[in-house]
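Alright, here's a single protein chain in two forms, structure 1 and structure 2, each given by itself as structure tokens.
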Structure 1
């Protein structure tokens, strides 16, 4: 069944979570964010992804709650559709096809049947804000073609559009002007700021806009860090604005918090400083800060109730912030902020993907749960977030000894001659379950370190590390006793320095058993005996500098494979010391599978990147997949599977024990699979949903179970008590009696018969008939109200019914029961006389 499906390239590691402003659910329990072609629903309390809404066939560009039903969500996408979701159950309700690319979505409570989208129809750079009428139809797929332009020539970003004062006007900013369109008057006012260049670095450009929820006030952010508060803008002459200035760099986003009570409305702003600023009462002197948020704030969102804020950051992170400015949850995607130097690695302990993360950090990313585990601070210095600064970069990292050791290299080069280089060795501490710095080596080499590898052979007694550098040397570092008097501390020292004719060392690699070390010096590969550090032999192909080098594994351990810059793939036999075979292939990435003989190579051609999987023993590839990506593939890695797959097809057998992940230039992490990882994830995460309805506090675990037990015992007790009595909740007469207001009730004497009859003559068949009737009526009423709300409201109604039923049962079971028993003994003949 599996092999029938074709293998395809799927995206994993989450897409950008920070592409658009996140949206809170009405009860602030969930936060929605766009993520590639999906919409993800996260719990604000647990940071878990609760649902993934998939259905769009292109990038999702906007999400908004349905203003008429807060349990539904609209989303729009580049695929030209607007979809309506039930996010509680993760169900697609409706699809509206608009037909052109939709760039952003806005909804308003006042305009029930239409939404606003940004489109570009004719020219590529001219965007319009249009209102789309959503036809009321019961079908699933509906065409929505009724468009009317509200504003033309606007900025593409949804941050530059804001609706204010209950939909009376819409404000749009672009370049140097603010335009306000009044829906009632159907007029547009435009306010232009001076764009004069002669003033010293005047950067008045608008960057974002927000509207005050209650007052006629528009806040606009600017490139120079100023925030302007516009008022009186319905008068072209008397308009006025105030400036708030704290940001020194451009204001990325603005949001007004919605609050009631004595606290006034406050304005939230954020930018490259990574500080969330709250302007209380929108007053300059009354501001609060939430600093050190880690990366540039891209978007700010406020929950409808006003109790939570959230900021999305350029490092693919969403921080949920309580309204007293305390960060309460962090939803972290794969950090994609900066370029990756370290490549992809697998932490042997956690099986997590390891690569450059936050500035100066290594991130550990769990591929199984698709979430970041933690960031390891390598550089351990304050990161100054300023444009144009030359930072210390973490350039190389390697794991050794089953994850016990981690070696990292960091460098900073301000000028050609001033290279700062540092190598750090980290030991995994079992107690703290984290890496602890063991040795720090300043300037391990004179020049850039090009390669780093541990000897991972099981039999070797002494941990060994080899570094290759552009200065023409390779150095062997071993773990030795430090000069500690207790002989307890250990540290790394240099054991051997090797070189070959002053060529730059470009690559190094140990054979599987650790007996041989291969170091490439530009075009020449040298083989060294790791016991004596003797040069054993050299291979020279004169086919360009060696770009990749690796030994074969298992049965192919006698082979050494190298890829050169001139597009030649060579395989040498170590026993015969001769070239076994070579092939012309422009290889960008070459990764050996640690669990098999297979080696994966990604070649770059004009059309895109192609994947070849081969065994060193034979020059014919096992598997070829053309055009795995349009972009250049930069890094790849084999990840061992927890549970081996059973592909029976020969072509896919290389994927049985491990999975190949690769990273493209635009930093999307891709893999081969028959299904997308998000699809795989959903079943496990659905379990969480049930618990989601209750807040998971420590008390919950104690009290929740206790309450469950209580409920059970209570139910049992009730069952026992109700043995003689019929189920009162099913009796319409009782319901009527209890639910009708006292002043409209008929006289007690009239009711008495009905009441007593219903209690005593327990006609089960009759009550069973009446009950469905009742529910049918209710359903009819509801379906009149709205079709969409149907399933939910019904649920609520059901629970209400049961609640009330219980009340009735309790009331009856106490005092009235005795009375009723008395009644039973009484002679009823007098009733008949009445």
Structure 2
């Protein structure tokens, strides 16, 4: 049972992982990244999200390690607070309230009680770098109002601020200016490059800056692709700079990597070429490349030890890279495409969210783990990144009922009369566990396809697909035997073409049992018999073009619901062929729940987006929530739950079987939930922090990894076995010891006694070891059947039961006692000689 007050709109995932530069932990085991209102902790080895730090009430804008405690993390947000976390346990330690919006965060080892933030107090476009003193207090919520300005009129991006030479100075870039503030001298030096107006074809604008952590060296990136290395900037007149040039477009980010090894100092740079460039010893000739990273490099981060690099990309991806420039892990978030044409769909097989991904692809995204599963290349052409080029767009997609078929539509239109249209049908291959192209149809319609849907009735004889187009026709496609003499190939062909008075077809949908097809032609809704393709009836309200159309389900299957562009929601009764009810709502999203009669509709109002949940049989909504989002909601979808919820209130029962997700204009994925993000983590993710802290040596498996207490149920099933040897054949260390030639092994006396005992004795023989030694074995043979001996055996067993606790589950029979005594007579004295 769930309380009504606990239901709220939450950001369930899909937030930008590339909004700010990632941060490594001190031991390089974890990487931190901001994700909307949260901070996510990922393992660099397994790519698993091990913690979600939630507590901010607005967008998180900066994260940094606590320089005085490497197990703690600072974060700042637009909510005006700085929070200190214990990221190992995921616990909020303290909250410092600054009071104004914080745009970035920086920390220094030299300033123990202060941090640096970027704020804009006076004007919205004027930003300042200020130092915030963090008071020492035992309370959890502390006010930090003591601010001191370090630099004024700076860029709000944290990539344009860098601290260098162990905190002796800070460098800031904006437009054509480089400003350097020296903390000891409390002076500021400013250097200027010529603007593009004075020099032909020059793009000297600064884009980013990085400072050497131990030397007086500043690296700046520029719009023309050049990197400048500034030295001797202590003197305004004697400063020098050298240029490094490889990038053909603007430099997106820079980072220094300093190690004590033979590789020394190197500078990392990245941009729109999707190539990570490492400048060894910051020399033009000595550079290495890691190409084909897939998308524009937005940020570059280096671990404190210098053994790992990290790049975040424009396709919402983080790549962890080893020191030798080999990618070791990829953390892929929800890809934010330029626009979502396909809408939100659910893969019936994996329950994954499916929508437009990177150009020309469909992405399959796990809502449970907030991680991308895989990409399906639909267009199958190389993407050319050129702003002036008109690309092929993936505009429509739909799944068959069991997920066996996938239909996609792609188009490209350079001029009004030059439309390139292609529809593809994909079959799911069980062997490869992926979709394989089955049928390709060029120009299925003469104009843009506005809708497509499969007949998802369970009793459907053959797969059926319907497409609607602006050319005034809807077409029915069926799966038939292709012209193959072996009758093993199948393909899709057009079975029927329908139209209505040359109106544009805008929507189409099948009824739950597949017997009826509804097609909207602008303002008119037509109902067709799917068996004979005869027109049965029409509905017309003259309330504007039909924007959304869907049939009712289960007990409401006799109703048809439609929403018009003029803000009218209509419900028709298919039995009486009349309008059942109508309401004045500007519906932008309308989605039926596949597991119930409920329909969710999102309307747009002046205050934001409102949600209405209703049944077609009742004009009164089941649930209304105003202002679920301040911005426009563009898409929505119901996702069936694996485990039903237990809402008892009538207003919340619509969430019992399915969960409703919706996507806003800024591509934020939201839902209604009662759980915090931390509760959604899998048990394996929660155990990862503890598991990784244990040393995994060979003897760790042999000696320390005995978990019989956790396997009590298995031991109870094996009680009938007198001697049970440990299962050692699957342990690599044991195999190595057993199969290594004898002449290269150490002496047996050198090996661990516990290891030898664990191979010879099982847990069940403990009762035999603890039996009293004063029992004469000869007497046992003579008086085996006497009552006195039986009583003595029972007493001995009783005392052993109390000593062993849970080790012995039941009393041994006479035959088992006899076998144990024989086993006890075996001589193990030879072990002592090892």
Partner chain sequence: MGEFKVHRVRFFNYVPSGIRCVAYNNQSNRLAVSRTDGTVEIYNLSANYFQEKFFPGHESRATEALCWAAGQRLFSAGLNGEIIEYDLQALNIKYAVDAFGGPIWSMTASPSGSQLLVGCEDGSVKLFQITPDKIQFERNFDRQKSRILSLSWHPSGTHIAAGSIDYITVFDVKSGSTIHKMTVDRQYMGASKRKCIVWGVVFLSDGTVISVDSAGKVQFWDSATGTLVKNHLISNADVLSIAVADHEDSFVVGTAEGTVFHFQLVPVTSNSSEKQWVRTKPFQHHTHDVRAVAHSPTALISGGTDTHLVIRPLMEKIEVKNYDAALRKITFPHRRLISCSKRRQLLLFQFAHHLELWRLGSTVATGKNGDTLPLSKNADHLLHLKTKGPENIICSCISPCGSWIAYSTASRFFLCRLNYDQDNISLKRVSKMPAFLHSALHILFSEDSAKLFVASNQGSLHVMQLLEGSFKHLHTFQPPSGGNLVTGHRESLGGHIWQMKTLELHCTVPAYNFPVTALAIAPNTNNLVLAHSDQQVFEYSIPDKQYTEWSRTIQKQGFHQVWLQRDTPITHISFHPKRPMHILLHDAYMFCIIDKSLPLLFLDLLDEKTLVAVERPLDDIIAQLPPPIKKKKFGT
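None of the values given here were measured: they were computed from a predicted structure. In this text, the rigid core denotes the largest set of C-alpha atoms whose superposition between the two forms falls within 1.5 Å. Residue numbers count along the first chain shown, from 1.
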Revision key, fill the gap. In this pair the form predicted on its own turns out to be structure 2
Review point. Core aligned, does the CA of residue 98 move at least 2 Å between structures 1 and 2?
Key: yes
Check your understanding: Using the core for the fit, does the CA position of residue 647 change by 2 Å or more between structures 1 and 2?
Key -> no
**Study point:** Core-superposed comparison between structures 1 and 2, residue 435 Cα displacement 2 Å or beyond
**Key:** no
Practice item. Just grab the Cα shift of residue 135 between structures 1 and 2 for me, core aligned, in angstrom. Key: 4.1
Check your understanding: Cα of residue 287: shift between structures 1 and 2 in Å, core-fitted?
Key -> 2.9
